[in-house]
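Next comes just one chain, in structure tokens: the form predicted on its own.
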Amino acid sequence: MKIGMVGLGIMGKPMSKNLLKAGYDLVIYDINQEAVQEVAKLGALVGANSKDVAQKSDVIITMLPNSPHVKAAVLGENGVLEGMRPDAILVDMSSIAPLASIEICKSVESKGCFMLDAPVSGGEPKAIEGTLSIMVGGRPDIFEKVKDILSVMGKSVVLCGDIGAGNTTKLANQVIVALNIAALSEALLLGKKAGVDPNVIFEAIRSGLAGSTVMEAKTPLMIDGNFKPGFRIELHIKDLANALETGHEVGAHMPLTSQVMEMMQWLKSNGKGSEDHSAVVRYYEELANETVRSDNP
């Protein structure tokens, strides 16, 4: 089975490398030629555009920033849809609005093809490890056809429901992650202002009820002041915007999400949008005139 990959960013590039390591034939495309050449050196074929990738593939994976990018890559000129062969499967692994997934799927199915939405969680480290959590929406029979492919990239691969359910589940995930990061930031600043070392707080509570994957991944970054992006604030803003929009559409009230969104928007407006989302702690540091970093005097 030949796989196409459109999108070789922070996530798509390591995911492509894992597919190649697993022995799959891979055709790739991205506007970033440096990323294309890096993956091509490992054995991938290079497509001229998204249409060309689709023409040469049985399964086409898209991994792009947001709904407009996916629509352009799939539905636009020289897009995936123009090149899809009958019975081909599009697996959109981008994190986009659920209604956008449903809209794209209708166009794909009108051509006699199939689609799954399959956003991921875990950031760049787990993309490199091949241990992402993958949340899938779509037909069960189509899911079964690509489950082995997805399992190369993810440790957890779960069918969540019909098309759009994958992205709805991802939005729920992103809300929980954002609120966890904000709570962690608030708690560590409380401790630091009260004279307790954040390292000690982390060690004391990490094995209790407050412990979480977010705590394990983000506390060391906050304490070290290391905000090299694993998942950028500007991307989390995109996800929270989609979550709030979806909440408005279905009548789900999201006051905590709205508040964390404002924190992230403040950080973006102050030049921190490209930093890791653990940099939410900077918002609290600014308010407290203090840092959680262990090198703070």
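Not measured: the values here are computed from a predicted model. Numbering starts at 1 and runs along the sequence shown.
Beyond what is shown, the protein has a form predicted in complex with nicotinamide-adenine-dinucleotide (NAD); the following relates to that form.
> Indicate whether residue 61 is a 4.5 Å heavy atom neighbour of nicotinamide-adenine-dinucleotide (NAD) in the model of the complex.
No.
> Heavy atoms within 4.5 Å of nicotinamide-adenine-dinucleotide (NAD) in the model of the complex: does residue 270 have any?
No, no contact at 4.5 Å.
> Taking heavy atoms only, is residue 101 within 4.5 angstroms of nicotinamide-adenine-dinucleotide (NAD) in the model of the complex?
Although nicotinamide-adenine-dinucleotide (NAD) is absent here, residue 101 would stay clear of it in the model of the complex, with no heavy atoms inside 4.5 Å.
> Would you please decide whether residue 3 lies within 4.5 angstroms of nicotinamide-adenine-dinucleotide (NAD) in the model of the complex, comparing each non-hydrogen atom pair?
No, residue 3 stays farther than 4.5 Å from nicotinamide-adenine-dinucleotide (NAD) in the model of the complex.
> Decide if the three candidate residues 161, 172 and 240 all line nicotinamide-adenine-dinucleotide (NAD) in the model of the complex, where lining means a heavy atom within 4.5 Å.
Not one of the three qualifies.
> In terms of non-hydrogen atoms within 4.5 angstroms, which of the given stretches 89 to 97, 180 to 188, 149 to 157, 109 to 117 touches nicotinamide-adenine-dinucleotide (NAD) in the model of the complex?
Within 4.5 Å of the partner lies stretch 89 to 97.
> Looking at nicotinamide-adenine-dinucleotide (NAD) in the model of the complex, which residues in 9 to 41 have at least one heavy atom within 4.5 Å of it?
Contacts from 9 to 41: 9, 10, 11, 12, 29, 30, 31, 32.
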